[in-house]
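A single chain comes next, written as structure tokens; it is the form predicted alone.
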């Protein structure tokens, strides 16, 4: 019997496993590979110009006949152009983040698009539900990239969000294995969103230097920084140390933004500058030790999930 729950039915997918739409990693190749493997692949639009997003959507449609989606940070400067591209290209699913879900949810849903919003607290989950979102991603403090100011861990966040809303809940932050997926489901999630694990795949568009740094990372090698601007979890490097020193010396938000400059994330994750680039990745990076195709990762996670479910049922 195929596995079915409200997430697999909502997205029309085989497994309730969503690949996060990460900037400089989640292009059409990764999204199509995950969707073809039975999960839900997402194109990360946050690092794309409107014409680039259109190209990635069209290539993804050519590479898979399965559902896929696009992740859009709502603070994106040309958000209206991205929204129009998504509508024109008939993308079936959109994940929104970093902004007010009320603004675009109805516009997208009126075109038959499923809308999911990423939240870091039960309060924001309730706001997303009130805005009419079809589901929420509850993302814990362990996650890579931009993070919630609340610093609530996934293990604490998921049950609180589950109690706060009736809409389906997708767990994110610190999940890379079937065991962790099962734990999230026990806590009340209906599915999981996984980012960092999918960076170390041939299909991810990130630079090989960044992938190698993740596989060589150890426990404690990522930290949340830039809390005065937009909190972001980074792999420690020279740039991180510069930011850390500035923060310890009481740097203002404006000073931190000046140090950050423009194109810092592209420099690190896409161009492979491991010293001066911004390397966004989750705490789970220390568990990732080898490159694997996306299809192998999806199957490995699902097989372990099923095995652990059977083992736990015997306790």
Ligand code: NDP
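None of the values given here were measured: they were computed from a predicted structure. Residue numbers count along the first chain shown, from 1.
Below, we refer to the form predicted together with the ligand, which is not included among the displayed structures.
Peer 1: Check each of 212, 151, 89, 78 and return the one that places a heavy atom within 4.5 angstroms of the ligand in the predicted complex.
Peer 2: Only one option qualifies, and that one is 78.
Peer 1: Pick from 284, 57, 265, 32: which has a non-hydrogen atom within 4.5 Å of the ligand in the predicted complex?
Peer 2: The option sitting close enough to the partner is 265.
Peer 1: Would you mind picking out the stretch of 45-53, 60-68, 32-40, 244-252 that comes within 4.5 angstroms of the ligand in the predicted complex, counting non-hydrogen atoms?
Peer 2: That would be 45-53.
Peer 1: Does the 4.5 Å heavy atom contact test between residue 13 and the ligand in the predicted complex come out positive?
Peer 2: Outside the cut-off, so no.
Peer 1: Applying a 4.5 Å heavy atom distance criterion, does residue 174 contact the ligand in the predicted complex?
Peer 2: No.
Peer 1: Classify residue 146 as contacting or not contacting the ligand in the predicted complex by the rule of any non-hydrogen atom within 4.5 angstroms, answering yes or no.
Peer 2: Residue 146: yes, in contact with the ligand in the predicted complex.
Peer 1: Does residue 101 make contact with the ligand in the predicted complex, using a 4.5 Å heavy atom cut-off?
Peer 2: Contact with the ligand, no.
Peer 1: Even though the chain is shown alone, can you say which residues of 8-40 have a heavy atom within 4.5 Å of the ligand in the predicted complex?
Peer 2: Sequence-ordered list: 23, 24.
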